[in-house]
Structures are given as structure tokens and as C-alpha cells.
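Coming up is one lone chain in C-alpha cells, specifically the form predicted alone.
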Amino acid sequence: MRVSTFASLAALLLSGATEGCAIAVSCRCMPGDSCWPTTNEWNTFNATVGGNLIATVPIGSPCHDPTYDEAACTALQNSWTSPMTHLYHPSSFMQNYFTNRSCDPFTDRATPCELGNYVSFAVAVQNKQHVVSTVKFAREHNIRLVVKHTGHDYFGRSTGAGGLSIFTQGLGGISFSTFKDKYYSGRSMTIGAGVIGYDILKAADENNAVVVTGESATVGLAGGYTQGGGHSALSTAFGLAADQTLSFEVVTAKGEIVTASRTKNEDLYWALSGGGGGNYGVVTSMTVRAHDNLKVGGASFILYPTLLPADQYKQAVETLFSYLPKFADQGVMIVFAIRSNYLAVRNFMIYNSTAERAEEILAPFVADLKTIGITLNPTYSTLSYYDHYATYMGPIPAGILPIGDTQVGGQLLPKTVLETNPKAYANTILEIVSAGGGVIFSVADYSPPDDKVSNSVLPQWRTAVSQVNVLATYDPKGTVEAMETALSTITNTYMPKLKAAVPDSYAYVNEADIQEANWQKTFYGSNYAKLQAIKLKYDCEGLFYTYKGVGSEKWATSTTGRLCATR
């Protein structure tokens, strides 16, 4: 039988998986409900998790009565947009929009410090048994369950009103070994789910290895980053983070500890490797490929449009876009940003290379700019990967990019678009920038590292030359309305321009417009039906909910934040 439509395929795959499976509740319990656990029940549960249950005190509480502390409040306000401020807090997260300004450090001190969209409790789990106990307690008491590692999340998936959060940073440990199965034989690294990117960078360097991690050192590895795909400065050399996975240790919705790999629970392994984070189970540890720690060639440069005639700057941008596919084909990974006052290539990197090779690859582009009257003088380097990361994407750990002041949209840019008409796409970007937006590009060859890789990465990654983020900033001290205006600008102004330039658009599930209407297709593509069947197999009652994650169309949040089943 030939299945002719996406809907028909979904129905076919789900018909068996849904037998005997139904969401048994209408809404998750919230504080004040008769179904909410009693104090004795919370205390009993706390004993099962080693006393690591934490009642949420919002991070902004020092700025509000009756706990107002002027010095602490001022320090918090001054560091609010640093990822380090929120990284270690069990309930804070880095996308300010999803707090709805509850207990905000910039609102009046007399404004009540309410939980709002923060979770009610978090468990700072220290081992996998703590995870098992938390999963079982949430299921037994019908409580919204959330998984949080670092809180790097544009979709608010690290929080939820009335939620019980599994805070994974206590799941530590890094070890290097040799992994061997019929699909891969070579160096590997095993980490606890709580290990953060900067610790991995350091440990890998000390063990003469490199590992695919995020372009921000405060991003974790085992959570939504890898589970959503994960682009990296090493992607041209080795592919996406999801391409590196060898094995997961997972706690399922039933509270069972299982291994998911290419040879055990293969379907769960497939879903965890690119199909979206926090949605199929709680990963407690993960084994990934490790690679040789070879020197990298690097470069960077900046163009300032205010110092150039408009036509000359426009030609320079068009020329750069025409070169991007050529750079990726020569082993380069590039991160660059365009704003109204600069175009900054902050990371031009070639693994297993030198400064001389970077200069050689850039030479034709530099020469072409010379012909239009622009003299470009990039800086070049030959460094270890760790030192390159610290130089071009650091400082480690905090980095240079602020958090909590931006709404984001995203698009995977097909390589063919720049090969056929780079000028048109470049001018689309310049239109967005002239309208007040910012744009960040992560340019790479996103092919898998070998033909044995099998995972749920959105297929359009493989033909993309760049992950593109459009940005609309707002004042973190401002109003909810300002945040909403920025979001509206993303959805109604910037994204339509990108979609007009690439009509059949797809996007990275972690860095996209949170109001994307056709998200099943845009974020998951042809994998959605299979992912939905796996979701139903391992979590048919929907204990794990993530916003616009697979299966989330069965749930909705009310204006009070209560999570309820829709069907």
C-alpha cells in the first residue's frame, strides 16, 4: 500500500501504538487543588530523594518585600543578562519572556513575589534513583514534570507553572574510553547529564580529545542540545551533536532505567538523537564520540557599514554570501553576526589546520573585496581547539552574548539558495537588519560523519549551509508588552521575509519562532510520524510535555499556566 500524505502515514504508524493508551487526566494538579500533595506527602517524597527537594524561591526575591535586600538586588539587576546568573539556580532559566515578569528584579519592590510560571518544586537529583523517585511521584500525583539542566532554552521548556522539576546538574562525571559495536569503534566520552559545556571542553583538552559541544560554553550536552540536534564549531568536521551519540541511560515515564543505543531500545535511541529534548524520558548519562585534539586554523574580521558607502557595503555582504558554500566545502565552520552597525565574523575555524590554511581559503574573498575598494585585514591563528574556543567564542565560561533580552526566529538555509542566488538572500538579510533586526549565522557542512549514522535529526539539516537566527531585542527592564512586541516582530515581520526567500522552510527545534504554526513539519519534517509513535510507546500518557515537542498538540496551557489535555 502506498501512503500518499503525511497525515495518512501518521495514522498508519500510530494505529497500533495508541491501542489501550489514553491520557487519563484532564489537567495537571496545581497548588491549592484538592489533588495537590499534602505536606506529609512532600516530606515523605523528600526522604526518597536524599533531602534534595527544593521549594522554589524565585531568583528575583531579593528585589521584593518582605525579603528586599538592596545590595543583593542591585547585584542581581547588574548581572541579569549574564548566563552565569541563572545557570546554577534550580528554577531560574534564561529566556526572560517565559517568566511573564513574575518576581522580576526590575519591577517595584512592593509588587508581590509570586511564582507565576516558575516551577513549584525542584529536585536537585544526585543519582539516577532520585530521578526514578521523582518521575514516579509526579506520575502518581498528576503533577507537571519538567527537566532542567542549564536553562538555555528559547521555548520555555525548562519551566512550567505548578511543576516539579528534575534539576540535573548533580548528575556529574566525565570519563574517556574506547567504544566498540558494529556501528562505531573508537574513542568515546561518557558524561553525567548534569555536566556543562565548559567542563567538557576542559576535560577533553586534558585528555587530548575534542568533543562536539555548543557554541556557548554554558550549554549542557546531554539535554535539549544534543537531543534536539545541536550545531557546533566542530560540525563541519564531525556533524551535529546528535550524530555523536553512542548510548544513553534513560529513566522512562514508568520509572524504569533503560539503555538506549543502536543495539538496545533502538527506537528510543533514534528519538533521543535529534527528536527534541525532555520528551521521551530523562537522560541521566550519555556516551558520545570523542575525536583527536588537533590544531585548528582560525580567523576573524569585522566590517563597519558606517565607515563604507552603502553600495560598497551591500556588495561586500553579497560577496560574502556567495562564498559561504565554498567555505563550508573547504572544511570551514563560521559564526558571524549582522547588525545595523557591524558585520562580525567572530569565528572562522578549520579543524586539523593552520593559520596559513585559513588565510589561503580567505584570500579569494579578500581579493574580491579589494576590487570593490575594501581592504580587509583578518586576524589569523593556529591554536588548540580549547584555546581557539576561548579566543573566538569565549571568554570561558560566560561568553560574550547576553541572555534574556531577545526574541528569536530561525531557519535552516539550504546550500542551493546561496549557490543559485546569494545576492537575493543577502538582500533579504539586509532588509531585516535595516528594520532593526539582528541576524546570526552558523555556517557549516552539516553532513553526518559517516554513512552508519541513523537518527531523528531533521533531514533538512543535511542540505543546509547555515543555521540562521533572526533576533528582535527588548529592554529586560521593560514591560511584558515590549517582549510581546519583539515576538510579534519576529513572527509577523522577520520570519515572513525569511520564508519568502526560502518558501519551503524548516528550522532548528531549539532556535526558532516559538509561534511557528506549522511546527510539526517545520521542526521535525518527515520524522514526525515515527517520533510520535515512539513517544506513544514510551510515554503514552504524556507525562513528559515540552512546548511544541512531539505530541504536545494534545496539551495546552491556560492563562494561569495550568497544563490541560485538549484531546
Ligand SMILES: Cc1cc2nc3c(=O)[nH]c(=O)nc-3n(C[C@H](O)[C@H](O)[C@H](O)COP(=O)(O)OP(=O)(O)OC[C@H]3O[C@@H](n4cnc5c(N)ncnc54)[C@H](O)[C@@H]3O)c2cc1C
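One rule holds for the numbers: they count along the sequence shown, beginning at 1. Please read all numbers here as calculations on a predicted model, not as lab measurements.
We do not show the form predicted together with the ligand, though everything after this point is about it.
Figure note: of the listed segments 110 to 118, 72 to 80, 133 to 141, 273 to 281, the one touching the ligand in the predicted complex, with heavy atoms no more than 4.5 Å away, is 273 to 281. Proximity of 158, 216 and 511 to the ligand in the predicted complex is complete: all three residues have a non-hydrogen atom within 4.5 angstroms.
Although the partner is absent from this view, residue 243 stays clear of the ligand in the predicted complex, with no non-hydrogen atom inside 4.5 angstroms. Within this chain, residue 323 is remote from the site of the ligand in the predicted complex, having no heavy atom within 4.5 Å.
Using a 4.5 angstroms limit between non-hydrogen atoms, residue 411 is distant from the ligand in the predicted complex. The ligand is not shown here, but in the predicted complex it comes within 4.5 Å of a heavy atom of residue 225. Contact annotation: of the candidates 154, 198, 474, 425, the single residue with a non-hydrogen atom within 4.5 angstroms of the ligand in the predicted complex is 154. For the candidate set 147, 260, 350, 288, a heavy atom within 4.5 Å of the ligand in the predicted complex is found for exactly one residue, namely 147.
Contact residues in stretch 229 to 256 (any heavy atom within 4.5 Å of the ligand, taken in the predicted complex) are 230, 231.
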